[in-house]
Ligand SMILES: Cc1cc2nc3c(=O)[nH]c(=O)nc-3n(C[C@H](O)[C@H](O)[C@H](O)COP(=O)(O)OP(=O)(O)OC[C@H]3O[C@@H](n4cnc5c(N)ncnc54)[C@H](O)[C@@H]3O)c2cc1C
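Before any questions on binding or motion, here is one chain by itself as structure tokens, the form predicted on its own.
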């Protein structure tokens, strides 16, 4: 079952599953997929995934064990961190916190791994600098499906709100990130305060994927959902959080179908009452 590999804790079985520990094992798995002509699905930390209850055909590769900080050092006027894609954002946070650098503030409380941070251009709504991965990413390395690895500079990627393109096809395996090496003693206080605010606002006592819906232009998704009276709406064991309306939580034993039903109900009601369309940050995988 793939449920343990997603932050929602839902999802059916993989036909085949592999958890490589290094890039050579990943390269071997890609060769196996090619030789057997299997469908391939890549997952990371699972913080933005909704995997079908019916599971996923072919081989599912989870990158969470391909992790680790490779470089953390001052280079000129910048502090540079190079990390494997499966490294958690919390590990990156620790480094920037130790150096008392600004990225600590937006990283505080962000779930998932660094690779997913690039794919989703993860960030926060607060008007701070930096606030998204585009601002701290220098380059990425992508393993193509033939096993070759290509380095792509950040400038050649197409960054958008909660999305990054220009690196496909392939698998992001390594990232270089940096920020101005200008320590600020107030950063520790700012990061702690930001983390406390997010902890107080987010329903961390139940499994979730974080924010479900992208903020439409000129609107806040959470406010739209709350205004439509949907906070607390429940279907089966899936619920619009009573604490934060842009979170859908697993109350315990929810299915992917129940979560999807809540997502669609919220979209329909908000569209009907406000004429605003809500799009999700969620990636659906598997047989629906």
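Since this is a predicted model, take the numbers as computed values, not measurements. Numbering follows the first chain given and starts at 1.
In what follows, reference is made to the form predicted in complex with this ligand, a form of this protein that is not presented.
In the predicted bound form, residue 198 approaches this ligand with a heavy atom inside 4.5 Å. Taking non-hydrogen atoms only, residue 283 approaches this ligand to within 4.5 angstroms in the predicted bound form. At a distance threshold of 4.5 angstroms between non-hydrogen atoms, residue 104 is out of contact with this ligand in the predicted bound form. With a 4.5 Å cutoff on heavy atoms, residue 250 does not count as touching this ligand in the predicted bound form; it lies far away. Listed residues 42, 29, 222, 260 were compared with this ligand in the predicted bound form; 42 is the one with a heavy atom within 4.5 Å.
This chain appears without its partner; in the predicted bound form, the one residue of 47, 67, 241, 52 with a heavy atom within 4.5 Å of this ligand is 47.
Segments offered: 148 to 156, 180 to 188, 96 to 104, 208 to 216. Contacting this ligand in the predicted bound form at heavy atom distances within 4.5 Å is 208 to 216. Residues of 70 to 95 placing a heavy atom within 4.5 Å of this ligand in the predicted bound form, in sequence order: 85, 89.
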